[in-house]
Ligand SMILES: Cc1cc2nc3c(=O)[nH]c(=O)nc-3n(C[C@H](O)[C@H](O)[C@H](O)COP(=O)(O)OP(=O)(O)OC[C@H]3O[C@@H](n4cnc5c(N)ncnc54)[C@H](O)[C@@H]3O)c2cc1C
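Given as structure tokens, the chain that follows is alone and in the form predicted on its own.
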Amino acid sequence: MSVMESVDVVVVGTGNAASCAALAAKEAGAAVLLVDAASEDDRGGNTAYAGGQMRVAFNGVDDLTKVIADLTDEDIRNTDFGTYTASEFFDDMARVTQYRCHSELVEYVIDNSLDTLVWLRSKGVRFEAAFGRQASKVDGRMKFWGGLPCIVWGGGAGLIDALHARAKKDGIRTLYETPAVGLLRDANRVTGITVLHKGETREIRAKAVVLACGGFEANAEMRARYLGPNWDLAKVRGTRFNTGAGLRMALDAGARSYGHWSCAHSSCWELNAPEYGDPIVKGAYQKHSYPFGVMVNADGNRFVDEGADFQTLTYARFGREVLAQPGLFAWQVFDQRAIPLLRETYRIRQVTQVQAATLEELASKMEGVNADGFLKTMREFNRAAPADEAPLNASVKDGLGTKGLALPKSNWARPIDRGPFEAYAVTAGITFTFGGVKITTNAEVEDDAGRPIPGLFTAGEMVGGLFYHNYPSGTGLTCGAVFGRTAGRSAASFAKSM
């Protein structure tokens, strides 16, 4: 087998975590090469399909101005950005993961979140305030909620463009359409990777390897094996190239499997979306305004507490709930109290939607739904919802819940009785898988004995132990950037020691 390249650090992947690793390794003085199974047009992994929000710990607007370059004095005067402290960030991570997340890894992400976003800005990434997604007008001022004021300009695609523009400027080369298929090892350490390039198996020799090529969400067989029945039928929200190859390579090299392998980030997704992510529509297939309405299954029954929390803290598990319903679909139902609050993703052309003047007419139009069951559910819900005329306010959990229902709606409950009505059909869209490999806070991959495998580092979706059961919105990009940057630094340091 011929040697194709020899470098200090080879990074597998071209998404957020991989790009941060490459830039950090180059910054530390290493000769770096990126390789990816995708073509240049399809580069960026799941990051290219992401909305671009990044969760960050901050103690006030002064911290945010270090990240968001174009905050004006008027923006600051007219906006309540609040704070999102490290302890609040940790509490959210702990609570949504049912207190299973690895505390040391999570604390490392949180403690490095602000500095990493500032570093990204220094690399040419442009941030803006997420006014259109995470802020509502309260008493004449915009008020942020959910701990997510920062979003990358241009979303995930904008993040990829910025990172790769900087990589090109820094002289980092990328080999596309070159899938990594194995790790090279000698008796002491990882010494490179095996790739397929133009139909030939070749070797890339490296003093250190960073694996950052995603989970197994695009692999139907692995989804069924690890996540369970019907997961092979889930829509893939992002790239078709995250097939678990990096995880297989790491495990074959003795890495310790870690994290919640039977769970994944999955959300309510347009029922008739394509099998894989659409590079044009991207995340607009998502349907996350359910806290202001109800969701019903084929029997016409509700099956989740739509108002359990802010949607940023529930949306990543509700896809799993939809996939468990008869027919693997649900309908989201709204009246005129809620319709003005629906996100722009409900107004795209590629949407399965029905409208009606009455609930009875709506029931006849929702394909696959038992009309009698639905109308019974709506009568019971409307009797149980508080007759409160306070407008729906997305920025606070209002505590207005149903009374007497076996399955409550804890917040934002109002009678759904103001026509005309709208309903949207959804299924499960899988974003990324939670199972991965165990790493140290230096992004070193550990073996089953808890020892780092010399020369092997990882970041991004391949890191296990961060997410269990659920996921706080915006955390994935932050974790990927923090551990990507760390992996690049650690890999460069290891390469120098060789």
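As the structure is a prediction and not an experimental result, all values here were calculated from the model. Position 1 is the first residue in the sequence shown; the rest follow in order.
Another form, the form predicted together with the named molecule, is not on view; read the next lines as being about it.
The unique member of Gly192, Gly238, Gly307, Gly146 whose heavy atoms fall within 4.5 Å of the named molecule in the predicted complex: Only one listed residue qualifies here, and that residue is Gly238.
Segment that reaches the named molecule in the predicted complex - one of 436-444, 24-32, 455-463, 57-65, heavy atoms within 4.5 Å: So the stretch in question is 455-463.
Whether Asn46, Asn242 and Thr475 all lie within 4.5 angstroms of the named molecule in the predicted complex by heavy atom: Looking in the predicted complex, the three residues Asn46, Asn242 and Thr475 all sit within 4.5 Å of the named molecule (heavy atoms).
Val369: touches the named molecule in the predicted complex, heavy atom cutoff 4.5 angstroms: Looking in the predicted complex, residue contacts with the named molecule do not include Val369, since no heavy atom lies within 4.5 Å.
Partner contact for Cys213 in the predicted complex: the named molecule, 4.5 angstroms, heavy atom: Yes, contact at 4.5 Å.
Distance check, Gly13 to the named molecule in the predicted complex, heavy atom within 4.5 Å: Yes.
Contact label in the predicted complex: Ala487 to the named molecule, heavy atom within 4.5 Å: So Ala487 does not count as contacting the named molecule.
Residues of 26-58 having any heavy atom within 4.5 Å of the named molecule in the predicted complex, listed in sequence order: Read in sequence order, the residues that approach the named molecule (within 4.5 Å, in the predicted complex) are Val35, Asp36, Ala37, Ala38, Gly44, Gly45, Asn46, Thr47, Tyr49, Ala50, Gly51, Gly52, Gln53.
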